[in-house]
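Shown next are two forms of a single protein chain, provided one at a time as structure tokens under the names structure 1 and structure 2.
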Structure 1
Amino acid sequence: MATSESEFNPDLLLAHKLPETQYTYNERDVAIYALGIGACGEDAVDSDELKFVYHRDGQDYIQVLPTFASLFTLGSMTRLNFPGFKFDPSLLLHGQQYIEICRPLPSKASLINKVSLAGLQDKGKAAILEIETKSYEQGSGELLCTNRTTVFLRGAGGFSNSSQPFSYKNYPSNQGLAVKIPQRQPLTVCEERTQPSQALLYRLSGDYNPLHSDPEFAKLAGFPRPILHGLCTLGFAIKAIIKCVCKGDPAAVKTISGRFLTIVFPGETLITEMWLEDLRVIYQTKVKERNKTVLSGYVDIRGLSSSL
């Protein structure tokens, strides 16, 4: 059960302002991230992926994968503090990630992140916490993207001081919902093997949770060995959609929604199946070796090639 220094007061919680955070990155960070989600991992001169790690054909800047935007939330999620509501970060499970891209991300930028509470639900033995992060470019003040991060907090429920469990949401209920996977054959399928060192490479982008690198820590958490970051798996899936549906154009991605269903171990093979419904790609990602669905969601795209 959640512990609190003061009695839980919904009015104080909803009035609480979370601090702004800053995030600065350059082309080196962009390239390391792309490598961390498998870019050029099977073919070092992949014609669709080289542009994410190298100035191919004299291009002026490295192109940025849209899931790079998920990194902007890292500072926000480590500084969460709400009046009357406490939780143990080590018991946090990532449930869903929603990303809205307002314009293609620049290859380097300094950002101001405005963070707010998007939702909180008391589930008794656990709580569901949703945080919205809006990222603005310093100088121009232009909104680049919005993240909505949903986490499941084990042991943090039971904080409501009434018979009615506390539940709050401040954004449309149709965003981030689980999608229904079509029963027909997928439009296309992408298979990609992660490397045994994938989590060690991905962590260089800023998520240093020892669950993904320390075997003893992983065992204490109930896993036989370190697991892959959920956002790394999401990056693999969206990269597959960009290659197979968007003809390699990351700017085609408008919104991303991903629901994390179970864990992936570094070295396993990811199979991403894709279905097209108007301008929405519905997808699910499975681990080939265990025949387990680990991720599902959708991607809204800005347009389609006439060849599809």
Structure 2
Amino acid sequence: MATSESEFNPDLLLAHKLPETQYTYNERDVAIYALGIGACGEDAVDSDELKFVYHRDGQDYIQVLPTFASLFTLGSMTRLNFPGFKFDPSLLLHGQQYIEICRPLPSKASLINKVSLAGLQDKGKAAILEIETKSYEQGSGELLCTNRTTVFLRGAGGFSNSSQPFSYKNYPSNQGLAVKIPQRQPLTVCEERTQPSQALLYRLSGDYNPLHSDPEFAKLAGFPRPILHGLCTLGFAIKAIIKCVCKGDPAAVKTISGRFLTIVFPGETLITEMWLEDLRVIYQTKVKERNKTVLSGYVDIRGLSSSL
């Protein structure tokens, strides 16, 4: 148990206001992110992926992958601190990510993030903490996207003061649910190998958690070597869905939900299976070398090309 009963104070915790953060990005950040999630990693002239890392003079702007939105949360997620609730940050794992895109992401922008606590559950052996980030364009004040980041805090559960485990959630119960994988054959499957240096490249987008780069830190956290960022795995999976289901159009993606089921090591091969249910793509991603399902979730899309 990471907190003694006297340390957990739900009134203090729920009254706590998280500070606003800012995030400014440009085309260079967009391209570095796309390389970090494997764009053009196997073929430098891949016509489906080149547009995410390069645009010729005279062409329209570089295109932005919808999972780039997950980076907007970095400012608040790297400094998590709550009065009335303590945990060991070295035991934190990314559990789930939910992203709602209100309109396609511009290739450069300055954003204001409004951050709030969206949930906290006592699961006994762990605590589940959820942080919501709403990103508004500076100037217009228009809402661009919402992220909900769920972190799984190993060893931080068992803090409830009553016999009923503490549970707080302030968002609709149908959002970001664990998915049921269909029993039928998938509509389509995409296989892509991550590079042994994938996490070292991905971290340059701003997630410098040593869990993904430092062998000693990874061992202290309970892993034999550094593991891949969950959001990097999610980026690979959603890029595969855009390629295989959305005909390469990143603007087709409306909502993304993913649950990280087990760890991925950089260098492993990701196989993403996809099923279509109306305008929802259900997906699961497996690591080929260990035959383990590492991620599952859904993507809601805005429409479908008739050729599918």
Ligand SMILES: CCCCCCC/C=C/C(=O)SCCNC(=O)CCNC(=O)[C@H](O)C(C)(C)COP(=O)(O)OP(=O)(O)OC[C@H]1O[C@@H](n2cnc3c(N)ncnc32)[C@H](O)[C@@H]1OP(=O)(O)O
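By rigid core we mean the largest C-alpha set that fits within 1.5 Å across both forms. Just so we're on the same page, residue numbers count up from 1 along structure 1's sequence. Everything numeric in this text was worked out from a predicted model, so none of it was measured.
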With both forms of the chain shown on their own, indicate which is the form predicted together with this ligand.
2
Tell me whether residue 163 is among the residues that move between structure 1 and structure 2 (Cα shift of 2 angstroms or more, core superposed).
yes
